[in-house]
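Shown here is one chain on its own, the form predicted on its own, set out as structure tokens.
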Amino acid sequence: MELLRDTLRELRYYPSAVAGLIIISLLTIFSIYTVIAIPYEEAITLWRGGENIWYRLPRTVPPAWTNFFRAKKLPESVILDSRQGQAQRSEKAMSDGKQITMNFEFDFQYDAFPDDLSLYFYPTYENKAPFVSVTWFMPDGRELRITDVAVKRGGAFRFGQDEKLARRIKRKIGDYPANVALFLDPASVENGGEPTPLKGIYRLEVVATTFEPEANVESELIVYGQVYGIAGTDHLRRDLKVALMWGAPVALAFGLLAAVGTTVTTMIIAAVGVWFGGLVDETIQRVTEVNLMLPLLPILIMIGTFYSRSIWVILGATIVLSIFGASIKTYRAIFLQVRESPYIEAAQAYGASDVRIIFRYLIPRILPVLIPNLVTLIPSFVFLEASLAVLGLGDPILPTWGKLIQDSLANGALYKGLYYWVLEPSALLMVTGLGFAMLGFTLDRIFNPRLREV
């Protein structure tokens, strides 16, 4: 505890260490919040698309905050669900059923057209499906019949894919896709100008006729925007926020467990070899020299390709392959000096056991070397996990920063101008590495007086 207090007191005089501590603290708090706010099972469900949750999100759009830096504001998604009371609803009784009218209104004040539109139906009936008529009303008073169709369970109408609507739009408005024609300002194209959206209140009227007393119809209108949320979406309409948030606890857990497991185990093995010497020490040194010749990354790639890509398997393999690393030589050199100290001879004289001497007298002496090495090792393992994911060998279940980068590269994000998809996880990886590097280098300077500036 006294060593910890002295170290923290020293850290105050190094701005880089303070900045590193702030970054690490924020990442730790963020990771804890993520695990609480989005539990593991929920995160997996969100990322793997359970319960058909992706359909509400636009495809490959940047974050909504990018609008602050644009002269022309891109539209955000509009989601109106009659089941949530987000539509003006009225019912009129009929002979064998009823007529249900639902009006969806929204204010459109953007400088670009939405990406697409969809209308989802949720009917309940026994034998005869309800019949629905849909009409679109524009701010200038114009209206356009969208469709007349019988709706079945799980039915959906996608404006941009309906051929009848496309022909109707071409005849009445012009040769434009549905997402443009329904928002088009006619004045903008009168003299061959560039199409621009008409701002104002838009209304979609859904009139459903049921043919059974207990039948009912609910509907949901989705106007897909060109920006979404705080992180944007990918090619599968997934919210990147989930992977960016869960990437933090995964990265920190992998880096910390790998660093602690490798460093502590290596230190103990080096201490055992030095203390017992002879055949034990020789065996440890030969195993270390052989292991130093083995390439870590190719071996991990082989494990991920032929055995398992589970993050726990990769973590275990990383620790096992890193135990007999170059650090064991460094620790051995220090332990050889410590073993000749007078207090070690005194401990032997009063009958201290080998285990006590190793763990109470040898190991504590190298903590000044161990702590900085431990801190600087964490980001290297974080980048190792991300590198495996970028190579397509990441955990197939967990959403991580490396998986985001791999997905973006596989789908040509850079060539399509989807820079946010690559930059967001890359920036978080760099910030994580920077925080641990600044703290680790400062700790090395504090614990090793020879590195201090004169």
Partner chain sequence: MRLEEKRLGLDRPFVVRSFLFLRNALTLRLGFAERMVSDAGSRQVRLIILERLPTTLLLFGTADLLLFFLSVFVALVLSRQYGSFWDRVFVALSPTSAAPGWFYGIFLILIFASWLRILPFGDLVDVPPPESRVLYALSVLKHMILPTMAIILSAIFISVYSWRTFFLIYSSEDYVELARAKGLSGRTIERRYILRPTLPTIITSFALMVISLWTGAPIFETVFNWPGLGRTLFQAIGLFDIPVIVGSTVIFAYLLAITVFLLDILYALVDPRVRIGGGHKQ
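Since the structure is predicted, the reported quantities are computational estimates derived from the model, not experimental observations. Residue numbers count along the first chain shown, from 1.
The following text describes the form predicted together with the partner chain, which does not appear among the structures shown.
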Answer among 37 to 45, 411 to 419, 58 to 66, 24 to 32 for heavy atoms within 4.5 Å of the partner chain in the model of the complex: the stretch 411 to 419
Can you confirm whether P295, F383 and A437, the three residues that make up this candidate site, all sit within 4.5 Å of the partner chain in the model of the complex, judged by heavy atoms? yes
Residue within 4.5 Å of the partner chain in the model of the complex by heavy atom, from I344, V369, I301, A253, is I301
ask   = Within a 4.5 Å heavy atom cut-off, is L398 in contact with the partner chain in the model of the complex?
value = no
Exercise: Y14 in contact with the partner chain in the model of the complex, heavy atom 4.5 Å
no
Q) According to a 4.5 angstroms non-hydrogen atom cut-off, is Y350 in contact with the partner chain in the model of the complex? A) no
Looking at the partner-bound form in the model of the complex, is F306 within 4.5 Å of the partner chain by any heavy atom?
-> yes
Checked 383 to 412 against the partner chain in the model of the complex; residues with a heavy atom within 4.5 Å, sequence order, are F383, A386, S387, V390, L391, L393, I405, L409
